[in-house]
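Just one chain is shown here, as structure tokens, and it is the form predicted on its own.
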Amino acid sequence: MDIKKLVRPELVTMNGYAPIEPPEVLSQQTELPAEKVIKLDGNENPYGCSPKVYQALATYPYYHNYPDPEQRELRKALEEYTGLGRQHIVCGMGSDDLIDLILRLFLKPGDEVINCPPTFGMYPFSTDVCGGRVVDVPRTEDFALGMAGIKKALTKRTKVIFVASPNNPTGNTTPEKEIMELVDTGRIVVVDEAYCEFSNATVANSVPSYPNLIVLRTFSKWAGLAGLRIGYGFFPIEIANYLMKIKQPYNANAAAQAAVLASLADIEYLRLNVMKIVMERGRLFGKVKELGWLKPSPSKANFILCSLSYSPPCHSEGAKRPKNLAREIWQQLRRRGIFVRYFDTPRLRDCLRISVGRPEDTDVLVKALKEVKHD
């Protein structure tokens, strides 16, 4: 039996999403204990979650029961945290789950989704899985949205426009004026604010005023809950009702819901960690810039995209720059147990994305970069 003949043809040939690996897997690759691995590739929170989360998970009494499918306590707590009514809030298994739900709600086979690379890889991935067609409108040289290109690319089949702000992997935000211009096109505009707490820039308060504006958030970054997979979004009420109807009934598990409630009861602790990360972001930017051969891009997130302005020192005089030097540096760092993100795509082939870690992580990284050479 040829199973391939039964599979949707476009899924046979599509590219999968390239995920990052957890510390225990990385430690096996480097033969270092997991606690010695310096993990700066996933934009995770190096300070972890609130101590109250561990207590909440240890004492939660109802793991044997299904969680609340209506997410009542969760949405109530998020209403208090964000100031937006719970009728606008839907939670999911990370914002990835909500991206998939939005596309399943709006796309018919062949419908188009505007994607603005370089940006988060889940937008084209989920579009492909949901049977849509990705229309790439590249960002400008300074990674701003190509507004004229987006408007030119719109057709009768364009259903959704994705805008990450701050953008991953470039770290820059999109001005509210530009977002509202996109909203005025009448398409569904999804503003992904996964790194909002590091930027303090948001258009979430505008969601109740527009029938086609969606804002996504997550607890993975600022609250250190990446492993529990919990995100949420602000939606026009009509869209929120449809999503509550089509989502998997228990798409926010009991542990994740308990962890969010505990996190929101310890806001000051988490905000202090955010402040530490923002301060270290500035320090990392300066240290990388001092190297001379790496050019860091200004970032409003918890990572910095660094491009190679020219080659680091070489072992032998007159040695030519390798064809893919960023990848070589990425591999050299991996051998030292330091993991940053490399994207093998045309716009980013000369770039490394470095998550902001603790000061001691920055120190080890910078020392390693100073010792990087090419043959």
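As the structure is a prediction and not an experimental result, all values here were calculated from the model. A residue's number is simply how far along the shown sequence it sits, counting from 1.
What comes next is about the form predicted together with a small molecule, which does not appear here.
At a distance of at most 4.5 angstroms from the small molecule in the predicted complex, all three residues 94, 195 and 221 contribute at least one non-hydrogen atom. Put simply, residue 168 is close to the small molecule in the predicted complex: some heavy atom of it is within 4.5 Å. Of the heavy atoms in residue 247, none are within 4.5 Å of the small molecule in the predicted complex. Residue contact with the small molecule in the predicted complex: residue 125 places no heavy atom within 4.5 Å of it. In the predicted complex, residue 229 approaches the small molecule with a heavy atom inside 4.5 Å.
The candidate stretches are 204-212, 277-285, 221-229, 107-115, and the one lying within 4.5 Å of the small molecule in the predicted complex by heavy atoms is 221-229.
Contact with the small molecule in the predicted complex, defined as a heavy atom within 4.5 Å, holds for exactly one of 304, 102, 260, 164, namely 164.
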